[in-house]
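Just the one chain here, laid out as structure tokens, in the form predicted alone.
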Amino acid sequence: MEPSGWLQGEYVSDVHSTLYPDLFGLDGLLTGKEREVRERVRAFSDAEVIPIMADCWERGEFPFQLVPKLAALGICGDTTKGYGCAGLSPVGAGLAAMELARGDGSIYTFFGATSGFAINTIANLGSEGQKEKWIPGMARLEKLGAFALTEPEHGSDAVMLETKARREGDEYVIEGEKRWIGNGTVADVIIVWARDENDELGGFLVEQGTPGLTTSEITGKASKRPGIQADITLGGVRVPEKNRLPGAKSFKDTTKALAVVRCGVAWESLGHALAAYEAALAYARERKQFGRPIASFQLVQDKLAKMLADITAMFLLCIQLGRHAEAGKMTDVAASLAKMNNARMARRICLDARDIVGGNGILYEYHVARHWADMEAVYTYEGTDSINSLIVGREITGHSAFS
């Protein structure tokens, strides 16, 4: 698909185009507005993201020059209504996530840390004053947010987090460490999860530059290389009482935010799978061996057919998950199942795509390698494959396998 350009701050395209047939008429399951969002973001990824990401990966640097153009897409805030947010349907927000990830996973992660995690958490758990202070700027990506739950010693068992917040007068003093925090070094505000003196979990808005807050970017990554993930140290960080999220009172409140993000990661996985599949199919049609395109070989066609089947199943699962969310019926278990299933399928699709592209598959310029590497991270974050399977298993059997 060739994007028709930049018009009044929005990318537009005339028609949705992929390299695979829509055998089940999935496009008909979307509303006109949802299709328009998908086309706008797809055109942006094609025109602005994909052409520069090989270089960004090589240098391990995030393309901040794209942030104003990303903001102008009008998708930030996902499903949140008001405060300048997009107010998309859950499926529309998912399609935007899919197309951003199809461009590059680090672009989606940068966007999702503010749009999915920070805005969603403040909108659902914050006070009116907190919403008015932070959400409008975030919706324009003039301010960035981060969500700090994971710790160096607590990932899957985040419920055991050790960061503490003690009350002193009209302030809280926070001590602890966080790890793998998206946008941690560039966020204007970080939502830090900590236990108070009553062992109750709380969310605290910590502004960048607060004395005692130290952030450092994690480097040496083989996945999400241009992305921004940080280690955070909170050494006697003081925040006013008004910076505590009033709606965050237990770990169940954090799981609501995590469920929304797991839905986003299910869509992200679909985006990586689409990118790898489309790159592999285009390559197979052009690459010749033994005097003919490798797309004519049985083994290649077998892989492509199975990849298409998995992508179709992933898309159907995402759409149904979005419709349930729109109707207020989406559950944490459903989000876990969708993330588990789609990450597993996308990981396999990226591996098969790399195989089809052969030796060229490890080169950034052929695109597959980026998505192949990113899926190793996606497979683990927002609930590992094993943890999400145990959440579903608990629902199936009525027995918890967690200690």
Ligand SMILES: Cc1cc2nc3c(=O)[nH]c(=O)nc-3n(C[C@H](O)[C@H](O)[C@H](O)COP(=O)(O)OP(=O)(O)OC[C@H]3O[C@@H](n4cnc5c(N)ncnc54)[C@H](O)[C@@H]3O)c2cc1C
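Numbering starts at 1 and follows the sequence shown. Because the structure is predicted, anything quoted here is derived from the model rather than measured.
From this point on, the text means the form predicted together with the ligand, which you will not see here.
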### Query
If you check in the predicted bound form, do Thr380, Ile387 and Leu390 all have a non-hydrogen atom within 4.5 Å of the ligand?
yes
### Task
Would you point out which of 194-202, 152-160, 313-321, 70-78 contains residues with a non-hydrogen atom within 4.5 Å of the ligand in the predicted bound form?
152-160
### Summary
Students should find that, of Tyr83, Tyr283, Trp180, Phe251, the residue having a non-hydrogen atom no more than 4.5 angstroms from the ligand in the predicted bound form is Trp180
### Query
Quick one: of Phe111, Tyr277, Tyr172, Phe117, which gets a non-hydrogen atom within 4.5 angstroms of the ligand in the predicted bound form?
Phe117
### Query
Would Thr121 count as touching the ligand in the predicted bound form under a 4.5 Å heavy atom rule?
no
### Query
Does Leu100 reach the ligand in the predicted bound form if we count a contact as any heavy atom within 4.5 Å?
no
### Query
How about Trp134: is it within 4.5 Å of the ligand in the predicted bound form, going by heavy atoms?
no
### Query
Does at least one non-hydrogen atom of Ala148 fall within 4.5 angstroms of the ligand in the predicted bound form?
yes
### Task
Could you list the residues in 212-234 that come within 4.5 Å of the ligand in the predicted bound form, counting only heavy atoms and keeping sequence order?
Lys224, Gln229
